[in-house]
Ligand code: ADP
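Encoded as structure tokens, the following chain is the form predicted on its own, with no partner shown.
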């Protein structure tokens, strides 16, 4: 006996029964929209979006991918259930993937049996050891462009339906506006700080250029002003480079490679790079490196940037004939790198601000050096690698910077996503 389709009265009864749940979901959507509008940190915003997507669609997991127009690929930027720890910023092709189809066609898509769909990008399940059965994706669209895709994975009860699609589309519309606003806020905030910081070297260059035009200027003063011009131009160049690096990091445009990194070899390589700089000031470097450590999963070039920055600072702010101790070890579930110098130390009132953008510790004469962005970049890179950095210091005795990276990420992946 064939099964009869539900009558109109059956459908009406079903709709009435579902109404309280549906109403609750839309009320929750309004609450989420208010939360998104008030969040101005991009990473926090993206995490709130995927958590809301999972809740509103009653799914096992959710993820968010943003499009990189330079690489022509989508990248995972946030995911629920700690999946992002395994995914990192894994690339997903704009072609031959469910997310790619959603992005390219700018339309929602429901795939009830992902394993049977040729567009399913299986590498994600391999990397995360997650089992995908069903997927629903909607584009993140603004008025002018498509930013990426939100995906809900594995409906917990029943199958994804049109109500789920409408809810996720409504969330995506709010999320796209919030993402664009957050990006604009971060860019305008950073640009304002940059312009303010550029004023000091530009003022020095303006004054020096006027004085250098005076025909009666003594030769010794002319030489001093020439050195000032050279130093300020170099400072502007360094500030511009660091500013662009930090802007790319904070906007999410930098793509991090995930590959096995042997920290012992990396630290040793960095020590050889800075050794001539240390020897010029008669500074001794004492390495204490555990060479038996297994690899950590991360971006080798970015981690190298972190180590070189900390070593260069330890030399720059050390005393002549001082000492630097570099220790690499494992403590429980973390790898620890400590860089300790015997330099001037950092005043207690400066420690809370050390990783802020453009913050520089005044020296004994009240002057400051550097761009004030190096440690902010270090902190941002380590956060992207699920790591952290801390500092301890005592004036007149020296400073210790400690980097911690999760050892548990070490052997999870052997693939190297292409950026």
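Predicted model, so just to flag it, every value in this text is computed and none were measured. Residue numbers count along the first chain shown, from 1.
One more form of this protein exists, namely the form predicted in complex with this ligand; it is left out here, but the text below deals with it.
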Answer range among 31-39, 61-69, 373-381, 44-52 for contact with this ligand, defined in the model of the complex as heavy atoms within 4.5 Å:
373-381
Verify the flagged residues 97, 115 and 121 against this ligand in the model of the complex: is each one within 4.5 Å by a non-hydrogen atom?
no
Identify which of 110, 179, 346, 236 has a heavy atom within 4.5 Å of this ligand in the model of the complex; exactly one of them does.
346
This ligand: the contacting residue among 128, 309, 73, 132 in the model of the complex [heavy atom, 4.5 Å]
309
4.5 angstroms heavy atom contact with this ligand in the model of the complex for residue 151:
no
When the contact criterion is heavy atoms within 4.5 Å, does residue 140 count as touching this ligand in the model of the complex?
no
With the cut-off set at 4.5 Å between non-hydrogen atoms, does residue 26 touch this ligand in the model of the complex?
no
At 4.5 Å between heavy atoms, is residue 243 in contact with this ligand in the model of the complex?
no
Heavy atom contacts to this ligand in the model of the complex at 4.5 Å, residues of 285-320 in sequence order
309, 313, 314, 316, 317
